[in-house]
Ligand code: COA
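To begin, one chain is listed below as structure tokens, in the form predicted alone.
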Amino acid sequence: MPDYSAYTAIKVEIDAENIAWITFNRPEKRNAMSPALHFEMEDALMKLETDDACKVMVVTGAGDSFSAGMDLKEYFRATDNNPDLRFRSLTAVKRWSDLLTWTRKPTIAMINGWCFGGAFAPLAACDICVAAEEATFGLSEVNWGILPGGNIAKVFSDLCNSRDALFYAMTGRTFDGKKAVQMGVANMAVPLADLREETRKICRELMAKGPAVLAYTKQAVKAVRDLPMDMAWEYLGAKSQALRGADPEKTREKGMAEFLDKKTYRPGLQPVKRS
């Protein structure tokens, strides 16, 4: 079993329900992301990918923040004369964001408080986003004389429409969890007191599905987003055939038999019962 106890900038806990809670653990800095946090996130996600105890990953923040974005002092000022550290940190951000995006396991961003700037990268990388109604989102870079750099301008523009992307990037105004849902940044917003339990309910719902089916579904939806229609048809046909061979639980065959032959299953209302 992998050891997650040595991390200092993050905390990883896998509970009895096989949910991995990944917490940015720098509450005194509003969980601003430092080079150490990037290195630890990459290491943790590599381990969780093949850890059978982990069925779903939830990314959140300690204290009253999800993350205030990049730690400007540690990431920029402290690396002014250390190009090696800056390069390794920058590439680690890209690697762990990619790991979070393409992991075979479902991922949920649980936004419990402040979510600014660079924090939109892990938010966007996750499959699902649940926010506290009281959470505060924003792109404040314009007030600092800098751009929403890295991939932040890109992921924010992908999440919401171009008018909202421009408005909030250019004004630096903040918005709450309810507005985040309206904009497409989050899937749902609930009172902060209910946030963890509502997230846990979604985890349980996801874990009722076959893991191979879930993995192929998320990969397919993400892959076809920017494909032309004819290529999407081709890709999804091939992906569907690949899933039939890759699913050890034979979910499709079981569902067809229960629906067509046994008349014990009604697709669309609940998943096929897993053994």
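Since the model is a prediction, treat every value here as computed from it, not as a measurement. From 1 onward, residues are counted along the sequence shown.
There is another form of the same protein, the form predicted together with the ligand; it is not shown, and what comes next is about it.
Annotation: in the predicted complex, residues His38, Val93 and Asn151 none come within 4.5 Å of the ligand through any heavy atom.
At the 4.5 Å threshold, heavy atoms of Asp164 stay clear of the ligand in the predicted complex, well away from it.
Residue contact check for Lys73: one or more of its heavy atoms lie within 4.5 Å of the ligand in the predicted complex. The closest heavy atom approach of Glu28 to the ligand in the predicted complex falls within 4.5 Å.
The closest non-hydrogen atom of Trp102 lies beyond 4.5 Å of the ligand in the predicted complex.
Taking Glu198, Asp127, Glu133, Glu141 one by one, only a single residue has any non-hydrogen atom within 4.5 Å of the ligand in the predicted complex, and it is Glu141. Looking at 114-122, 201-209, 156-164, 188-196, the stretch with residues near the ligand in the predicted complex, meaning non-hydrogen atoms within 4.5 angstroms, turns out to be 114-122.
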